[in-house]
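Next comes just one chain, in structure tokens: the form predicted on its own.
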Amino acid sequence: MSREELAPLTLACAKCGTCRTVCTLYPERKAEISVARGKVALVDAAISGLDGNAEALQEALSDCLLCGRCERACPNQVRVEEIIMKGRADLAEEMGIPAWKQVVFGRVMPSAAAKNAARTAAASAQKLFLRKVPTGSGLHYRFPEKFGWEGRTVPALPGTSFLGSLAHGEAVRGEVILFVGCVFDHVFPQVGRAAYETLRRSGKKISVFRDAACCGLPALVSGDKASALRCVEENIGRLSAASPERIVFPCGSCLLMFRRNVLSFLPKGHPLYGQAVRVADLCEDYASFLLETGVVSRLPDPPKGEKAGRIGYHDPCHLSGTLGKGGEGREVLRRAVGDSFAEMKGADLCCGYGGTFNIRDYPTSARIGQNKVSVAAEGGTAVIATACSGCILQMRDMAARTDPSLRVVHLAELVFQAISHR
């Protein structure tokens, strides 16, 4: 592992234990290495030559949701996520990357054509091998127990992506670019459509970023720096060439990648550094754009007599926590649904997704997620709105497992509904 890069970061940790009090994973593990303090101590030992067990260290660093709660609570402002991601990358370079990750991150995610082919194949496989499960959020498919994953459900995949639904020549050029993201293009195209149609109410010309590579965050957090860099360079080059006024993200995790992480790949001296800085400064979240451009102020008044307090807002860790964008989504929701909105019980609880953590340890991910949706439902919430693709994937799965009547939607869907139905 790189002592030169990691030592200055780990030395800031005073081992005070504040991280343990806020860690999402600690209540499940009850182990010191599950919290930031323990992971930092292991990295310290590795870079000092005191512990050479790379496999054990890789296991410890992989056992993290990267929710950022420890980093935000840390009195010394230790950059925990950077330590973990650098450590994962160093270990991946030393020990290799699993074959399935090489295929997904290196071949599928950077390629629009490959993503389309993967969605089409997966949609066909669902109908052949999985069981249909109707839920409040639409049709899901449940994996048979022999597949493992303890009853995991997945949403029914569409035959056509959001981008594929656009008419020829539609949303090709505009002063504002919508970066719809992989999940809202290929898994939940209705979110992509809702985001696009509501952005158009700003009066600005909206273009949709076509043939985009993945934002790169899934590869980055898995230690695959080469695949993440490929995605970043492709996206930054093309977004910069388009010269937009703004770039809007419906997904908080995609936004985090552009606002915070791209410059770790394209530092000063890199040919794309200047372009990366300019692009990062143009990126903003969906709710902020609606507020700033007056879309929300022009929404029709919400209907009277709706059931009060049935719609809540879930705080995505990356968007509300790391980027500090929690109030904007709530304000948009209040204007869209009126008295139907109420603060949701457990709004800031992590949903337990954690990207590939959900694949690595589905039972633990599911326990955290089931607690999340159960707390919300017990508090009277019938519809959970949010603004992160991973959170929606996770909470729809958890709702299908625990309470199929519970709906999980993107904020844009409710705004679009408010515009369309009144």
Partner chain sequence: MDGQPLSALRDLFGERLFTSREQRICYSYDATGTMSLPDAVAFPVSAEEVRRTVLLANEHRFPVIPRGAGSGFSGGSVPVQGGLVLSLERMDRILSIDTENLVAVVEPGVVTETLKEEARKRGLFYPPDPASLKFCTIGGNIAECSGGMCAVKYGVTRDYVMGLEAVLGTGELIRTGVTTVKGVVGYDLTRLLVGSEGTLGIVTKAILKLIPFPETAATILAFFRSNHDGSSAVAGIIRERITPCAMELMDRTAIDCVREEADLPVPDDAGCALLIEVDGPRESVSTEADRVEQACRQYGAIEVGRAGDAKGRERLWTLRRSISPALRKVNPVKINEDIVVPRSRLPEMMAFLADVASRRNLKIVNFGHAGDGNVHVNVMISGTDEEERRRADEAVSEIFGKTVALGGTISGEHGIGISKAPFLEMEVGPLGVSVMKRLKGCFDPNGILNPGKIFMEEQMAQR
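Positions refer to the first chain, counted from 1. Predicted, not measured: the structure shown is a model, and the values here were computed from it.
Keep in mind that the form predicted together with the partner chain is missing from the display, and what follows is about it.
**Student:** Can you tell me whether residue 359 touches the partner chain? I mean in the model of the complex, with a 4.5 angstroms heavy atom cut-off.
**Tutor:** Taking the distances in the model of the complex, the answer for residue 359 is no, it never comes within 4.5 Å of the partner chain.
**Student:** In the model of the complex, does residue 75 come within 4.5 Å of the partner chain, counting heavy atoms only?
**Tutor:** Heavy-atom contact with the partner chain at 4.5 Å: present for residue 75.
**Student:** Hey, in the model of the complex, does residue 38 get a heavy atom within 4.5 angstroms of the partner chain?
**Tutor:** Because a heavy atom of residue 38 falls inside 4.5 Å of the partner chain in the model of the complex, the answer is yes.
**Student:** Would residue 402 count as touching the partner chain in the model of the complex under a 4.5 Å heavy atom rule?
**Tutor:** Result no; residue 402 lies far from the partner chain in the model of the complex.
**Student:** Would you check whether the partner chain, in the model of the complex, lies within 4.5 angstroms of a non-hydrogen atom from each of 17, 29 and 51?
**Tutor:** The answer is yes; 17, 29 and 51 each reach the partner chain.
**Student:** If contact means a heavy atom within 4.5 Å, which one of 389-397, 349-357, 362-370, 53-61 is the stretch that engages the partner chain in the model of the complex?
**Tutor:** Result for this chain: 53-61.
**Student:** Considering non-hydrogen atoms and a 4.5 Å limit, which listed residue (375, 33, 382, 47) is close to the partner chain in the model of the complex?
**Tutor:** Among 375, 33, 382, 47, a heavy atom within 4.5 Å of the partner chain in the model of the complex occurs only for 33.
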